[in-house]
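Heads up, what comes next is one protein chain in two forms, each shown on its own as structure tokens, labelled structure 1 and structure 2.
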Structure 1
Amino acid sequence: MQKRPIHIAIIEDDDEIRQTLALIIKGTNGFFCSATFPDSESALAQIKDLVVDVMLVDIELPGITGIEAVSKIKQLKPDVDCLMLSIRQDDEAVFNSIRAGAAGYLLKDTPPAQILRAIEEVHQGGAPMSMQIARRVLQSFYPTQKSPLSERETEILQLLSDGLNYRSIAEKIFLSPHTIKSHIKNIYSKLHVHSRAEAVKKAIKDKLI
């Protein structure tokens, strides 16, 4: 029995690249090209009536960017897997794409055979990424630099972020509220902030807690 081919659509403004991709897809067994679009607008207009499993999306498009397109596509058809295809590898492009709902991210220098492999992988529930992209993504989890805070301070910052006030923190770790306040003042000065909200934000962003 013949397996249903993976239905693919392409959004890519460069005519040559778009057509080449389409040709490769059409010429390969198990892959089917449902549609191609030169911009996000036309793709979004038709997406509802389209049978499609995987979308290849360029980021740099005239008008609506590929990233915004992905965001809208995921709203309209949450089951479509969007695979970004871009020359950009800056954090801005990569992480905004992922946040928008991209299920994979390939650089444009990826050879055709690997693009096809990535399409299969994304369709099987994977998240293919070019090697540089994957590394960047993992690196985003590492603490940026080592904490300037002492252990005690980190502990108190943790409790602070739970919304406890001086007194509650003091009770929790058996210290005087004055001491807590002292620590918090030190935390502020080390993190260069002036309020709990800022401190919590910085702590999370810098992965201190």
Structure 2
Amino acid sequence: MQKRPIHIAIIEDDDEIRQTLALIIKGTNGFFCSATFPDSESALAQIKDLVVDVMLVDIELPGITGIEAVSKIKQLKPDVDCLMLSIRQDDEAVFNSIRAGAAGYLLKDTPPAQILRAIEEVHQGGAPMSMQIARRVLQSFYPTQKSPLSERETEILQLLSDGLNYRSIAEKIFLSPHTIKSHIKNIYSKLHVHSRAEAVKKAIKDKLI
């Protein structure tokens, strides 16, 4: 019995890139191009009736972005695997794509053979990434700089980021609310911020927590 090909749809606003990807997929055994779309809106309008296993999604799209589209696709069809195909290598693009539900992230200069292998990999449950992207993901697990905060201050900042208020933090780590306020004042001073939101944002950005 012949194995069913992997059904792929493409969301890409660049006509040449979209058509080239479709030709590569159509010309390779084991792959089938279900549809191509120049924007997220047209893809989302048809996704429910589309037979598709893997979506190749560009990030920089007119209207609804590729990242927003992935989130909506996963809501409408949770079993569809989304593979980002982008020129962007920045942390924001990569991690927002993953948070939205993307299962892989490739750069647009990836050779066609590698794109096809990545489609197979993501369809089999893998998480393919271009080498540069994989390195960024790994680096995200390590602090980018020495923290100016003490161990206790870092603990309090983590609890702040978890949404706890001063009194709850005090009860959790057995300190007085006054002491917690003093620590938080020091945290703001060391991080050069003026609010909880700014402190948490900077801590996450600089990987202090």
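C-alpha atoms forming the largest set that superposes within 1.5 Å between two forms make up the rigid core. When a residue number appears, read it as a position in the sequence of structure 1, where counting begins at 1. Owing to the predicted nature of the structure, the values given are computational and were not obtained by experimental measurement.
Working note: structure 2 is the copy from the form predicted on its own; the remaining copy is not. For residue 45, the Cα coordinates differ by under 2 angstroms between structure 1 and structure 2 after the core has been superposed. Relative to the superposed rigid core, residue 189 undergoes a CA displacement of at least 2 Å between structure 1 and structure 2.
With the core held fixed, the Cα of residue 199 is displaced between structure 1 and structure 2 by 2 Å or more.
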